[in-house]
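This document starts with one chain, in the form predicted on its own, laid out as structure tokens.
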């Protein structure tokens, strides 16, 4: 009788949900945590163990960039776990909403490369608040058939080359666009904008870039389509875009600029008060599993945080992706992205320049 009563109650609940315009799938989705992070990380192949255990995926919402993400969290947005990158961990923590992580619940914690666990900001008030997951670079992908001269002089300067005015694109981001302008403007520290003179120099360089670009975008697909069609000859992208463009057979190359490519590391953090804490840990464990990490290397071309995944991938493929069996060699080679000092002034400047001021 109790069983029949419960079934009847479930039918009533489902009927009420449908009356409110909610599907059964939508109701069931509420039983899963909400992941707030970078677009593209909703792929079930990244979390096979979670899908097997829970019969489906958790919920996912993407931000445009981390400035937008932090603002939403500060405004009370209710997510269960997040995907911050190393240069923003402190700012996420300053919202007061990151929970300490119980590393005893992370199955592969001991398999994470030690150098990544030591990243500045990963530990706050003596407790870890961030689990390193993957890493990659921000650089320029360009069409070797449309800009052949840059094969012999790879440089961020292609974005400012008057020959390609209106045929370049860039990220709509402080860390992936404005800081590059600071680098090219020659300021002493491309992560420090507390000196108004350095902001002014960067502003002049950004004005030039705004006059050059066909568009700014944080959507990898938009940037990839523009490169594929020839609408733009060069664009700032991450590794995954180059991987996808090469799979289309396009004549593209990912620059190793003479000024240096930028390297970042991203990972997972838990939001305080999550009602789905067990499933959040299941999701973290699923993403750190060997199967997931190998899939990300193959499909996105990113480096990952566990050495065992690199050991399982063919050396020739790693070389083709710009990776190696010793990932610390790559991690130490680029310009490591850091927390921006004077970020408020830099954001204000960026907004002004885009508005034509």
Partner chain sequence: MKEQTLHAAEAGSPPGGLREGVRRAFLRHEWLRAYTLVSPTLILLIVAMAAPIGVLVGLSLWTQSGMEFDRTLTLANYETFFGKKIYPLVLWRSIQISALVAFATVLLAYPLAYFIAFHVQRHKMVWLILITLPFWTSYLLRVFAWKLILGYNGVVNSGLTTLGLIEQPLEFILYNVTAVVITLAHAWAAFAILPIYVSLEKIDRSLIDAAHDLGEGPVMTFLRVTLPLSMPGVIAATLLVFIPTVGDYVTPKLVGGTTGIMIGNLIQSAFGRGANWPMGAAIAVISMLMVTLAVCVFLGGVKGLKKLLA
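Here the structure is a predicted model, which is why all the values come from computation and not from measurement. Residue numbers count along the first chain shown, from 1.
From this point on, the text means the form predicted together with its partner chain, which you will not see here.
Student: Given that the partner is absent here, state which listed stretch (101-109, 227-235, 271-279, 255-263) has heavy atoms within 4.5 Å of its partner chain in the model of the complex.
Tutor: In short, 227-235.
Student: I have 115, 120 and 312 flagged as a candidate spot, so tell me whether each of them has a non-hydrogen atom within 4.5 Å of its partner chain in the model of the complex.
Tutor: Spot residues vs its partner chain: no contact at all.
Student: Decide whether residue 172 counts as a contact residue for its partner chain in the model of the complex under a heavy atom distance cut-off of 4.5 Å.
Tutor: So residue 172 counts as contacting its partner chain.
Student: If you check in the model of the complex, is residue 341 within 4.5 Å of its partner chain, heavy atoms only?
Tutor: Output for residue 341 is no: heavy atoms all beyond 4.5 Å of its partner chain.
Student: Mark residue 129 yes when one of its heavy atoms lies within 4.5 Å of a heavy atom of its partner chain in the model of the complex, and no otherwise.
Tutor: Contact check for residue 129: no, nothing within 4.5 Å of its partner chain in the model of the complex.
Student: Is it the case that residue 91, even though its partner is missing from this view, gets within 4.5 Å of its partner chain in the model of the complex, heavy atoms only?
Tutor: Taking the distances in the model of the complex, the answer for residue 91 is yes, it comes within 4.5 Å of its partner chain.
Student: Sort through 241, 285, 218, 124 and report the residue having a heavy atom within 4.5 Å of its partner chain in the model of the complex.
Tutor: By the 4.5 Å heavy-atom cutoff, the listed residue in contact is 218.
Student: Just one of 42, 67, 49, 299 has a heavy atom within 4.5 Å of its partner chain in the model of the complex. Which one?
Tutor: For this set of options, the contacting one is 67.
Student: In sequence order, which positions of 203-217 have a non-hydrogen atom within 4.5 Å of its partner chain in the model of the complex?
Tutor: Residues within 4.5 Å: 210, 213, 214, 215, 216.
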